[in-house]
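We begin with a single chain expressed as structure tokens, specifically the form predicted alone.
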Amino acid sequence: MGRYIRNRLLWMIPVLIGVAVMIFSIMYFVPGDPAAIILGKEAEEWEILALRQEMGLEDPFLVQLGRFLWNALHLNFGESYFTGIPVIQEIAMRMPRTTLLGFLSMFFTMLVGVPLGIYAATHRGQLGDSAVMALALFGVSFPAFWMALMLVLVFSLRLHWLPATGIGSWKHYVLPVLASTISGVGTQARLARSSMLEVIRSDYITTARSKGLKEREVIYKHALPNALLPILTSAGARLAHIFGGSTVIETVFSIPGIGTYMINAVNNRDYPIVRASVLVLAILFSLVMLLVDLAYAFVDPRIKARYAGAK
């Protein structure tokens, strides 16, 4: 297992290099001049050119790319064009908020979605199954930003139960987590239902029932471990989607996390922030998928045996 983890960590290196090259290239060729934005519309042409030279924007593409990769290797992402604050310092301050929001959303998504899907599968064709699928359809039909705005309208502006924006006590996390969870619950419930239905039809489940085992034991001891494999895959992708889509939730609720930090930088052409934020999110995604692969081993002993023999 240790050898497998080491190999997966090594595979992250070319992935992150590819992400770094891609985001640098995108920001290099995107329209807009950071120097002109910083100096404003009244700036003279020579002033803009002097600032571009000072910022290193007049250097050839390969020179800028090499400098960026070398600095990123040493976790030096430069300073913000507008505030002058080191980017890594801002990211370190904002990352815990984005990470906490993401993991809380994923926790409640799995806690609610998977049991609902199992219940629907074990009561296929009954009223409970129809009710769960109707709720799942409701959850996946509405965009996250619309759901967030509706939650603010109801629980903050009308009922005055929860704060609408900012970050502080645990109450500030309730609406963002709920908005991010609702659509995820629907997706996980539908996936868990289809996965369980496929496993329940298997011959070994029929054999287990023929031996007189209790239905609860058949479902949770024999069927669920095999049904969890696609659920875990979807959970990893969902968590990565939450981190990547944090810009929407954080913008609606004015949460000072990586999402709002990055979206403001995109609007201002603040290249160091955008490049660093995307690279950090790519690292998070890679680590999440590594955790998903390791979780397979605890669900399926056959996978653990294969991992143990991995070179």
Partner chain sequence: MTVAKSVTAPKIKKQSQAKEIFKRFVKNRSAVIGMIILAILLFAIIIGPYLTGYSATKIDIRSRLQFPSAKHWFGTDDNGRDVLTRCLVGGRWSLGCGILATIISAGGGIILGSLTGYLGGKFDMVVMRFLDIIQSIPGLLLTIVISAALGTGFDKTILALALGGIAGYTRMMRSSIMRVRDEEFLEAAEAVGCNSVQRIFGQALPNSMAPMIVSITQGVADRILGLASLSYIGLGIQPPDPEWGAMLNVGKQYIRTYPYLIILPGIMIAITVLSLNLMGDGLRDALDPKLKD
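As the structure is a prediction and not an experimental result, all values here were calculated from the model. Residue numbers count along the first chain shown, from 1.
The form predicted in complex with the partner chain exists for this protein as well; it is not shown, and the discussion that follows is about that form.
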ask   = Does the partner chain come within 4.5 Å of any heavy atom of F68 in the model of the complex?
value = no
inquiry  = Contact with the partner chain in the model of the complex for W146, defined as at least one heavy atom pair within 4.5 Å: yes or no?
reply    = yes
inquiry  = Is F29 part of the interface with the partner chain in the model of the complex - any heavy atom within 4.5 Å?
reply    = yes
inquiry  = in the model of the complex, does I273 come within 4.5 Å of the partner chain, counting heavy atoms only?
reply    = no
key: Within 4.5 Å of the partner chain in the model of the complex, all of A240, V278 and L281 (non-hydrogen atom)   = yes
query = Among 193-201, 221-229, 106-114, 70-78, which stretch has residues with heavy atoms no more than 4.5 Å from the partner chain in the model of the complex?
reply = 193-201
remark   = Restricting to 141-155, the residues within 4.5 Å of the partner chain in the model of the complex through any heavy atom are S141, F142, P143, F145, W146, L149, M150, V152, L153
